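The chain that follows stands alone, in the form predicted on its own, written as C-alpha cells.
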C-alpha cells in the first residue's frame, strides 16, 4: 500500500469538502471543491483508494501544489 498525495492544481479557497477520511474513492471522484476567481473547481482523486487524511478544512486557502488529501492505494 502506497500513499498518494492529491495536490491542488491552482490557488483557491476550500469552499466545500465532499469526501471524508476513511471513504473509499475511485479515480475521478470529487474530493473537495475549490473556489477560485468566483468559479467552483472540483479537486478529484487521481487514483482508486481510501482517504487516509484530509489536510484542509473549509475556508482554508490552497496554493498550487499544496497537498489537500492523502490517499492510501
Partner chain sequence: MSFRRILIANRGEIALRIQAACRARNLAWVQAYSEADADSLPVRSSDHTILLGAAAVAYSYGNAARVIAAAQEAGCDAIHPGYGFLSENADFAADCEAAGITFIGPQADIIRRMGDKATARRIAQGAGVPVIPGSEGPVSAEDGAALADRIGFPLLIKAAAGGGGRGMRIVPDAGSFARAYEGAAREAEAAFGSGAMYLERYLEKVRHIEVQIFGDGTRFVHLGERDCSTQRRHQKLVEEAPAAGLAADLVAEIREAALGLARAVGYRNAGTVEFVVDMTTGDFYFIEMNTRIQVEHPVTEAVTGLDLVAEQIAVAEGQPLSWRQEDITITGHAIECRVNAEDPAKGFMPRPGTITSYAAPTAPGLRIDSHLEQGHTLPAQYDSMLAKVIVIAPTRTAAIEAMKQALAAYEIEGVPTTIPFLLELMDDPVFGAARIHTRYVRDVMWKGRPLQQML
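Bear in mind that the values here come from a model prediction, so they are computed numbers and not experimental data. Positions refer to the first chain, counted from 1.
Although it is not shown, the form predicted in complex with its partner chain is what the next lines describe.
- Interface residue remark: residue 40 is counted as part of the site for its partner chain in the predicted bound form, having a heavy atom within 4.5 Å.
- Shown alone here, residue 24 lies farther than 4.5 Å from its partner chain in the predicted bound form, counting heavy atoms only.
- Shown alone here, residue 46 lies farther than 4.5 Å from its partner chain in the predicted bound form, counting heavy atoms only.
- Using a 4.5 angstroms limit between non-hydrogen atoms, residue 11 touches its partner chain in the predicted bound form.
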